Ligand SMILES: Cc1ncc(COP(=O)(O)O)c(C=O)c1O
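Here you get one chain, nothing else, as structure tokens; it is the form predicted on its own.
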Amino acid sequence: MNFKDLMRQHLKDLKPYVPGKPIEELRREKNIAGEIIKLASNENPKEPFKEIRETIIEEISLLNRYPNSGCHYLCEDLAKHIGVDPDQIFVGNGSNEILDILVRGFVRLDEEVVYPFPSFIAYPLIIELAGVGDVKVPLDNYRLDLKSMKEKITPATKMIFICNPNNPTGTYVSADEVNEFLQGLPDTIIVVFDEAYYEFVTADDYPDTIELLKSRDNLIILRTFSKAYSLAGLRVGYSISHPDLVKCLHMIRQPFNVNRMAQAAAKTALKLSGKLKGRLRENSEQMEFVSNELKTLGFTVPPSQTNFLLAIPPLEFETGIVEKLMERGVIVRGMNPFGLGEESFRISIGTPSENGRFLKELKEIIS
């Protein structure tokens, strides 16, 4: 039986999400015996703090019990941490789940989602899965073009994704740009600010979306524990929005969508937010170092407000850089699926030794 024939028509040509290659898979494919470093998925190179690991161990004895279905206590802690009411918080199995719930729950089949491209690679997948309209707006000099995005709004527009800072370029849009974009925008359009890299931002003119939310009910802000807090493996994302929107999200979500260990780890992580400063400072220092090295080698590197860099090689470089790096045990993210060309890649900022190893291998390849 050809089960593809039984699928819903709009899903038959769907291309599934392809993550950065795991270390184990590369070792098997290339038969690499030495150390492999993964700098492809924007993960934090530092392991979770000791207190978080201890919390997870303590929670193991309770795994025979279902978790709190609405993440009540984590919502309370997040609300206190951010300075909002608990009923404005929703927690999901990663921010991906919240994006999926938003599109499935609010965008009708004859309506559209406007989003930048290239941007977070899950956007078009989530939109296509829902079978709704897809409106891509090209970046301008590797930055979100909010003016063009606003021009693409039609009566069919129901939702807009603003990835800020943007993945995979690392660039951001300023408070003034966001304010201008929101001016006169119909309140029937839900504007999603995807701020997965919020903790890494150092720009003074980055928009304060929590403040904007006080006067605009149609905004929803997404953040995550996956990046700065080193909890990518537990999948904990959350949103801040109007309480009535939160109620709708709870209507749609699956029961027990965030597991027990994830909730406990996130609660402990929030208590340790002050300890992130040293790690964030090292990320900034290492990102500047790697960026300068790449530029010296001839790469175009857009300024980044995240924990990764986009590297675009000059035309005269030898082809196959991404593959050759993997053959040497260094995993980076090729940008072909993002529409940025076969030879461009995204490099996550690792530890100083990992960054040094990456640069050493890269220099040998292009020399």
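Throughout, we count residues from 1 along the sequence that is shown. Since the model is a prediction, treat every value here as computed from it, not as a measurement.
This next part talks about the form predicted together with the named molecule, which is not shown.
Contact check for F200, S284 and P302: none of the three has a heavy atom within 4.5 Å of the named molecule in the model of the complex. Of the candidate stretches 149 to 157, 285 to 293, 110 to 118, 87 to 95, only 87 to 95 has residues whose heavy atoms lie within 4.5 Å of the named molecule in the model of the complex. Contact check for R235: a heavy atom falls within 4.5 Å of the named molecule in the model of the complex. For the chain shown alone, T224 is a contact residue for the named molecule in the model of the complex, at least one non-hydrogen atom being within 4.5 angstroms. Residue contact with the named molecule in the model of the complex: Q263 places no heavy atom within 4.5 Å of it.
When the named molecule is considered in the model of the complex, T268 lies well away from it, no heavy atom lying within 4.5 Å. For the candidate set C71, V178, A130, A196, a heavy atom within 4.5 Å of the named molecule in the model of the complex is found for exactly one residue, namely A196. Only one of C75, V246, I190, C163 lies close to the named molecule in the model of the complex, with a heavy atom inside 4.5 Å, and it is C163.
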